Each structure stands twice: as C-alpha cells, then as structure tokens.
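Quick setup: one chain, the form predicted alone, written in structure tokens, and binding and motion questions come after.
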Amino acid sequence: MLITRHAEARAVLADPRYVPPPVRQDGREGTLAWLRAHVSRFSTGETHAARRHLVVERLAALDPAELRTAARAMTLERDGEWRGVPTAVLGTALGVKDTSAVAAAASGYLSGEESPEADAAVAELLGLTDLPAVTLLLQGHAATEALIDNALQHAAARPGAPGDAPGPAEPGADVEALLRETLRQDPPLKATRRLDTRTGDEVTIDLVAANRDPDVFAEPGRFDPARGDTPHLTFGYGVRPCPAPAHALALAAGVLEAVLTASLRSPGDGAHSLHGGSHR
C-alpha cells in the first residue's frame, strides 16, 4: 500500500503496529548484514528502545552549535569543497578521526545491498569505535550530504542567486529557512517503509507527496523559505522519529553558511562554490 497523504502518513508513523520490514539476522559478525541486524533503525519493541537509548546518549554529549561552527570552519578551510565535511566533523565529535570508510559502509546501510567493500568498511569502523557511533555516522552520511546538495540547488535557483543568498551580516536565519523548506519540499529520503504486524502487508510512505499535501501546505509545489516551521515528515513522526534532527541541521547549516558566503565573495565562480566543485 502506498500512502501519499499527510494525515494517513502520521497515523501510520504513530501506530506501534507498523514496524520496519525485518532484516536478515544471520550475517557474520562485523559485516553489513550483522550491523543492520544490531542497530536501532531496523529493530522493534524493547530492543529498539534499548538501542535507540544508546544512540541518544551519544548524541547528548554533542553540542549542535559546536558542530555548526566546526562544519563552517572546515568548509572554509577547504575553499568550499564541502563534500565529506559533515561526516568528518561528526566523526571528530564522536572520537573517530578517520571516517574514510563511512561512505563505503553507508552505501548499503538503508537498502541492504551487501558487498565485500561494504563489509570491509563496516569492520574497519567497528575497529575504531562502538556501534552507536557507527550508527550515527552511517545514518547521517548520505542524508546530510543530500540535504545540503538539495538546499544548494534551491539556493542557486532563487531569483538573483547567489546574490540573494545569506550574507555575512545575518547568515543564520536565511540558511535555517532554506533548510526548513528544503526538508519539506525536497527531502533527502524520499520514502520510508513499514510492515503492518497484523496483516503482514508492507506500507510505503511517499514523504515527498505527504510533505506537499495541499490539505496541509498552501501552494505545496512552491519553494518558499518564508513559510517558517512546517509539520513536514522528513525527520519522521510518532513512534520512531529521527533522534538527531538538531545535529543534522547544525552540520548542514554550517556547511551552507560557508558555501553561500564564499559564493557571494566570488560570484563569477558561483556554480563551483554552490555545488561542491570537484567533489560533486
């Protein structure tokens, strides 16, 4: 069943009878399959609650404001080459200075697509840190970079961009507005799945459609950073919301502040600055 309406999506996400589809439990220790069987994202009930608690504990020690500052500084140090910055900054905050294996390990984290490269990367990360930290790195990697990429594309498409992008005087408010509307209209994760434990039916929630439901959002197809806070479902809702929205937004905002400020200083090279240059 496909759900596209906002109210129906909220109802499913708030109902504990709907759980993530099961993942295989027989993976060899240290592999991607083993990892997926041992993280909170793909677990249910008390097991999910216990695993999520460990992740939340790790997050409690991280200050989003410090993540934002560090992401901005690293992006500026790299002359706007921002790809890899969110993962590097989060890794450093978690005590993982070498995050080079994250991309390979994250490649099949959501899909379950296994490969020797992903297994080797998972094993490498588990040798560097604990499971909650690995969970945060993998969950944040692709989603945060996709959010930044989508936001930059919207910033570039705005009239007068990059000249109307956030300036040095007050970058924070404009960047946060840009991110809020990007999360609503162009979420990095387009859909999420649940299994109905009563019927065995699989439910797919189309997050793009639910975030553009005309019953909830005026002119839903128009990208409007001035909307303010909206009840988008990009960070989930109900039983299993994202545990780290503030941290993800802080990392994205720090990168955007640096990239958009750099694009103002070098308008002739705006496309390079806005899209991460050679790392695209």
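Fair warning: this is a prediction, and the values are worked out from it, not measured in the lab. Residue numbers run from 1 along the displayed sequence.
Note that the form predicted in complex with protoporphyrin IX containing FE (HEM) isn't included here; everything after this is about it.
| task | Just give me the single entry in Thr129, Asn150, Ser107, Gln139 that has a non-hydrogen atom within 4.5 angstroms of protoporphyrin IX containing FE (HEM) in the predicted complex. | result | Flagged contact: Gln139.
| request: Would you kindly say which of Thr182, Thr99, Thr192, Thr75 lies with a heavy atom within 4.5 Å of protoporphyrin IX containing FE (HEM) in the predicted complex? | output: Only one listed residue qualifies here, and that residue is Thr192.
| 4.5 angstroms heavy atom contact with protoporphyrin IX containing FE (HEM) in the predicted complex for Pro214 | No, no contact at 4.5 Å.
| query | Given that the partner is absent here, does Val55 sit within 4.5 Å of protoporphyrin IX containing FE (HEM) in the predicted complex, heavy atoms only? | reply | So Val55 counts as contacting protoporphyrin IX containing FE (HEM).
| Is Arg227 close enough to protoporphyrin IX containing FE (HEM) in the predicted complex to count, meaning some heavy atom within 4.5 Å? | Close contact is absent here: in the predicted complex, Arg227 is far from protoporphyrin IX containing FE (HEM), nothing within 4.5 Å, heavy atoms only.
| Heavy atom to heavy atom, is His48 within 4.5 Å of protoporphyrin IX containing FE (HEM) in the predicted complex? | Yes, His48 sits close enough to protoporphyrin IX containing FE (HEM) in the predicted complex that at least one of its heavy atoms falls within 4.5 Å.
| message | Given a 4.5 Å distance limit between heavy atoms, list every residue of 93-127 close to protoporphyrin IX containing FE (HEM) in the predicted complex, or none if there are none. | response | Not one residue comes within 4.5 Å of the partner.
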